[in-house]
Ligand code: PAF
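Below you will find one chain, with nothing else, as structure tokens; this is the form predicted alone, and questions on how it binds or moves follow later.
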């Protein structure tokens, strides 16, 4: 394992590598991140993990300040991987000057999480563009928990970096079903059970839709939304979309995804579940 923090050093290390698998992270690593590194390690002998809390994707300075930072723990967790390069640059290294580049993103970037977090996905693509051009990977792995992010990155990559293959890694959950997230560390332990209610209600909606013989999904979603609100949640959205591109599904579409976002104890969490109705088209 090698750790570097400068663009000069990472370029020097990767200059002769032809098959790089890359896992971009914002640190505070957990088993979900490690599952992505496992995929990368299976795909290539040269693996890069970046740890960088990207300020351009935060709309709130408080949210940025409060984001968990555990660099020593992160390095310790990654020590078991051979041939691993950890790239931990400073903000000044990545953004020597203020950046305000605007990317042409698909309409979906303004929906779902994009409705309440204006500029968020532009900030995500800003750092992805920088890291892709720097690391020059052949394979990149993102978690499916951030399903909208994964789809937007795939769309951007297909257009701008067509030689890169973007892979989605399965969401890793705790024993209560809560998707592992760096933000989970902001909760007290007794609050984690309640935080898992978002996933439980998403799963409940999916089960009801699968067993229902009508198309009145809005009533099912409304009931779960009210239940979550009664448990202390502030729900931003719960929506069902077409899994392939997050467009509004038609009656003939069978491969779907339910996505939800909300705040519990003032901490924002997101989750998603892919599912199928009937025979896939």
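All of these numbers come straight from a predicted model, not from anything done at the bench. Numbering follows the first chain given and starts at 1.
Absent from the display: the form predicted together with ligand PAF. The rest refers to it.
Engineer: Based on heavy atom distances of at most 4.5 Å to ligand PAF in the model of the complex, which listed stretch, 125-133, 172-180, 154-162, 85-93, is the contact stretch?
Structural biologist: Heavy-atom contact with the partner occurs in 125-133.
Engineer: Check 204, 207 and 272: does every one of them have a heavy atom within 4.5 Å of ligand PAF in the model of the complex?
Structural biologist: Judged in the model of the complex, none of 204, 207 and 272 sits within 4.5 Å of ligand PAF.
Engineer: With a 4.5 Å heavy atom cut-off, would you call residue 235 a contact of ligand PAF in the model of the complex?
Structural biologist: Residue 235: no contact with ligand PAF in the model of the complex.
Engineer: Does residue 34 make contact with ligand PAF in the model of the complex, using a 4.5 Å heavy atom cut-off?
Structural biologist: Result no; residue 34 lies far from ligand PAF in the model of the complex.
Engineer: Going by a heavy atom distance of 4.5 Å, is residue 225 a contact of ligand PAF in the model of the complex?
Structural biologist: The answer is no: residue 225 has no heavy atom within 4.5 Å of ligand PAF.
Engineer: Taking any heavy atom pair closer than or equal to 4.5 Å as contact, tell me whether residue 26 reaches ligand PAF in the model of the complex.
Structural biologist: So residue 26 counts as contacting ligand PAF.
Engineer: Out of 217, 70, 41, 54, which one falls within 4.5 Å of ligand PAF in the model of the complex, going by heavy atoms?
Structural biologist: Checking each option against ligand PAF in the model of the complex, the one that comes within 4.5 Å is 54.
Engineer: Among 194, 149, 184, 138, which has at least one heavy atom within 4.5 Å of ligand PAF in the model of the complex?
Structural biologist: Going through each option in turn, the one that passes is 149.
Engineer: Determine the residues of 1-20 with a heavy atom within 4.5 Å of ligand PAF in the model of the complex and present them in sequence order; the list may be empty.
Structural biologist: Stretch hits: zero.
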